[in-house]
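Take a look at this single chain, the form predicted alone, given in structure tokens.
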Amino acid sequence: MTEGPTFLALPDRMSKPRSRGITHILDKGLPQAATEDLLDQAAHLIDIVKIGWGIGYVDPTLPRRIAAYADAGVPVCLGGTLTEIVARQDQVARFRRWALSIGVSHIEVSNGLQALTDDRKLGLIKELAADFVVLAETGSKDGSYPSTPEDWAEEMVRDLDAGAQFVVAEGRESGTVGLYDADQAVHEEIVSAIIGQIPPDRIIFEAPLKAQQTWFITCLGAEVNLGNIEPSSVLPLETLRLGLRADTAAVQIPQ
């Protein structure tokens, strides 16, 4: 990859592999050619790719696409909805073997469908952490749990203690539940509770929309971990992190 220009004074960014400033993207079934084009342009900015929902189970090109991601130094994570369905059908052992056989290195464990007990979720984290990097998500798909900001933080602490490498704060693809109001505004009290209990480099905030990304970068800095980023938004997000966009230039660019 050709090196870019270096003459501007910009916020410091860790190089890959990063422990902070992670960009976690949502892959909704990119074709092989689109996957390769994305990596050619932005692999240096992508830290984790989540194959959304149960797409990995029905995408026959997934092994080839995982290989392309791996060659570019980008780990692949299977989504939490698939993990929940696997657990409900008692197919965790077969799921593990299949995921390992196709090169998956990360797995999300969630309870967004509200079909698992707390103990079952923690047990899944412990079980899968033996073979994978586990991302444990907190928040439901309908926004009904956790009920208080303190509950969010306490669940995340338990998930980390069970073996999760990262905890993920639910925002969905729409950015209208979990961390957000129906009008896409950030629940600041939830963010405050989480960062009061969890080290910042262990938290990934799902932030699919530009206004949400801007809020987190403005409030928590360029090196905040952000997830559920659209592939087409990887470069625009990096300009927000670096203050190369009007939304964040005033707070990110040194005077």
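All values derive from a computational prediction rather than experimental measurement. Numbering starts at 1 and runs along the sequence shown.
Separately, the form predicted together with a further copy of the same chain exists; it is not shown, and the next lines address it.
Looking at 181 to 189, 75 to 83, 120 to 128, 143 to 151, the stretch with residues near a further copy of the same chain in the predicted bound form, meaning non-hydrogen atoms within 4.5 angstroms, turns out to be 75 to 83. For the chain shown alone, R18 is not a contact residue for a further copy of the same chain in the predicted bound form, no non-hydrogen atom being within 4.5 angstroms. Contact check for L220: every heavy atom lies farther than 4.5 Å from a further copy of the same chain in the predicted bound form.
Among heavy atoms of W215, none comes within 4.5 Å of a further copy of the same chain in the predicted bound form.
A residue is said to contact a partner when one of its heavy atoms sits within 4.5 Å of a partner heavy atom; L244 meets this definition for a further copy of the same chain in the predicted bound form.
Contact with a further copy of the same chain in the predicted bound form holds for all three of H44, L235 and T239, each having a heavy atom within 4.5 Å. For the partner-free chain shown, L82, I85, V86, R88, Q89, Q91, R94, F95 of 82 to 97 come within 4.5 angstroms of a further copy of the same chain in the predicted bound form, judged by any non-hydrogen atom.
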